[in-house]
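In the form predicted alone, a lone chain appears below as structure tokens.
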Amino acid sequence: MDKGIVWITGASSGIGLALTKQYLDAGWQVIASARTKGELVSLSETYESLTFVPFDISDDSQVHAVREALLSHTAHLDCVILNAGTCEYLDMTDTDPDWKMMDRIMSVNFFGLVNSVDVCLPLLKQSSRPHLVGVSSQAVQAAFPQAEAYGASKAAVRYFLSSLRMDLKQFNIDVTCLLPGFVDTPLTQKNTFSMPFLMSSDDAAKRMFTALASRPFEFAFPKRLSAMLWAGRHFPKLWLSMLAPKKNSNQ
């Protein structure tokens, strides 16, 4: 993969931090963004090629300032990986479900990604071979209980990127949608359910880095989870009987 300048959001922990390390070790100049530096502090002491630009992606009032901050470091971006995201689960057993959760999750996972595209698009257009990458999720491949907010936001990301791919072709900007499975991150460590084929952040980042070299339209991994979700889509009644919460006798 040609070395260049990459901007990574959600870079202070989890997959974003692992991707930052991956690109730094490969010799790229990395501009990392998150609300706070987090674990990027120690990386900054090791790599001169790492720059931190703070960005709360859910705050669209920051778009202009963040774009100007990026421009103060570089006139172009060769690759952008929009990885920042969050997750909450809707509890339908609650007498008053938290429907406002939909707003919170969409504001980060979907509108936050849209804000990030707004920031970086002018800089991508200045690259000789630009690549825009967004992170969706394997959760969009089949329905999961309590994932109404998270799954819907990631499905929106997937469609947005698919449509954007068509409109950005005239500018020679390649667009890739990544669909990772269960990855061991601070977010997933809160999960109380089984996570088949769970992988480390470093493993996920290596797979992403390798896949992005060929600039695919989509890259879903691991394949074993993809196969399981394929079965879920094609046998929805069986999938429902396996995953849907069982009726509580007290309800």
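Source: prediction; values computed, not measured. Just count from 1 along the sequence shown to find any residue number.
Keep in mind that the form predicted in complex with a small molecule is not shown, yet the notes after this line are about it.
- The small molecule in the predicted complex comes within 4.5 Å of a heavy atom belonging to P186.
- Although the partner is absent here, Q22 sits far enough away that none of its heavy atoms falls within 4.5 Å of the small molecule in the predicted complex.
- The closest non-hydrogen atom of T51 lies beyond 4.5 Å of the small molecule in the predicted complex.
- Although the partner is absent here, A149 lies well away from the small molecule in the predicted complex, with no heavy atom inside 4.5 Å.
- With the partner removed from view, the residue among F209, F219, Y47, F182 that has a non-hydrogen atom within 4.5 Å of the small molecule in the predicted complex turns out to be F182.
- Heavy atoms within 4.5 Å of the small molecule in the predicted complex map, among the stretches 90-98, 77-85, 124-132, 165-173, onto 77-85 alone.
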